[in-house]
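Next comes just one chain, in structure tokens: the form predicted on its own.
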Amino acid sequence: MLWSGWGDPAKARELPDQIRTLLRDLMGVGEPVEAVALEEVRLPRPTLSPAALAELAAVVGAAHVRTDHESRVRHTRGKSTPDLLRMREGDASDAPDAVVLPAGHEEVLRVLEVCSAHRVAVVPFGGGTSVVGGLVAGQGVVALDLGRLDRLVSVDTESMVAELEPGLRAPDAERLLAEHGLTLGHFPQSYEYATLGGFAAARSSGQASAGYGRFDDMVVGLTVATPSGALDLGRAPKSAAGPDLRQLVLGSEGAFGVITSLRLRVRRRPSATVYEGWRFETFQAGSAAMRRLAQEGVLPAVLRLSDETETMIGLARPEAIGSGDSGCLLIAGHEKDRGAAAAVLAEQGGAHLGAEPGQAWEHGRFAAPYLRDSLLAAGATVETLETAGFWSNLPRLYDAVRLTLHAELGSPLVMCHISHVYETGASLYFTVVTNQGLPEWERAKRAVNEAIVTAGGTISHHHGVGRDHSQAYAEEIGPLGVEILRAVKQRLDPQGIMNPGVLIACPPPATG
């Protein structure tokens, strides 16, 4: 992946003339911004002791303890806009001292023992796609790269469960499962680079969540290495044997330990998926149609609705950006008979647009992060944020986020879509483009976090908490909830080495 941006540099794209004109004339975006060269990125001086490095090398092998410039740069932060802007300026002040690549569960346990003894912070690292500050733990840090844990261990076609390792990237997992005629059905925007362990640690939700559910719905069991030992959780589809400790690990973002194995529900690969587009007059009308589909149980596998602004810009179809239409575009992807869902959409006032809009979305479904890189290079600040709420509260939540962004940023371009729906509610995913700089954006993001909490939404539906949302998360779960999580962390991670600062505020360890 590009160290200063997203994905494959060969897939970088030029901005259409319409978007360049919009940025220049309507938003006052300034001059293009060039990234420094990789070798010019400024790294902090390592503080990890030679003794600690030697012990880590004894565990995983000297070749799998990397301290070179490029390895440290590539394991610095994640892929949020603030992360990328700092990297493009050559600021890698949060770079790890070393990158350690264990080969399996036992090696992970031993690495955590060494780091606990030396009080060295450990940041689990999968695809590096966090957009909420989930990979920043300060100096004196080991990045624990799980890339060598990349196997499909077993497939149980009778139970429809597969065991896979956490460092397996999503496309590789799909390729291996396809050999058995199976799929996870999990295709988030980070699909090309994210890992299965990252999906679990952040409670990821994919574009086909209407048909396959969230990633945490797929996890039937997992193994976790912690500084205090190992956890092996999940021995039946459902259980009444106390609280489900799997749920304590899912979404924990490496604060308690490292996921080293996943047992996941799999499904038969569909013979085909048919994508199509529908037009609704308003976002409210389209939302009502989605609610009815969810509550009547006739959901397609993919269901997403762009608001008026996102439809006008054409962001739902990144390959045709700048050529949008009026109204609100709904994309549906059917793996089974589309008749019942189509009937509901038509009854709710939707106008069928045929296959072309759906096929265009499918073709460009992973292109939006590349578009963000082009906008950043053009001098714009563009970022995303998301939340979720109950259907009855969704309009209030939608208005609260938009009004706050406009109040804080002047005249930003704010777009929104719904891409994950449930019987009781849905998510809201916002994309923001502004001519304001990083300090102004970070101030606006704090204000939006407060607005989401006040409006009764969750601080994150699928991006996670990281460091960016930790304060708002604390408000969401309350003081007692924070103390419960701190008690769990203290028991599993008594030295406080595991990704300090994510999820809940805990002091980082003193390095040794």
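Fair warning: this is a prediction, and the values are worked out from it, not measured in the lab. Residue indices: 1-based, along the sequence shown.
Just so it is clear, the following notes concern the form predicted in complex with another copy of the chain, a form of the same protein that is not shown.
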| item | value |
| --- | --- |
| Partner proximity in the predicted complex: residue 231 to another copy of the chain, non-hydrogen atom cutoff 4.5 Å | yes |
| Residue 453 within 4.5 Å of another copy of the chain in the predicted complex, heavy atoms | yes |
| 4.5 Å heavy atom contact, residue 22 to another copy of the chain in the predicted complex | no |
| Another copy of the chain contact at residue 363 in the predicted complex, heavy atom, 4.5 Å | no |
| Heavy atom within 4.5 Å of another copy of the chain in the predicted complex - residue from 103, 403, 343, 241 | 241 |
| Listed range touching another copy of the chain, judged in the predicted complex by heavy atoms within 4.5 Å, from 37 to 45, 55 to 63, 439 to 447, 464 to 472 | 464 to 472 |
| Heavy atom contacts to another copy of the chain in the predicted complex at 4.5 Å, residues of 198 to 215 in sequence order | 202, 203, 214 |
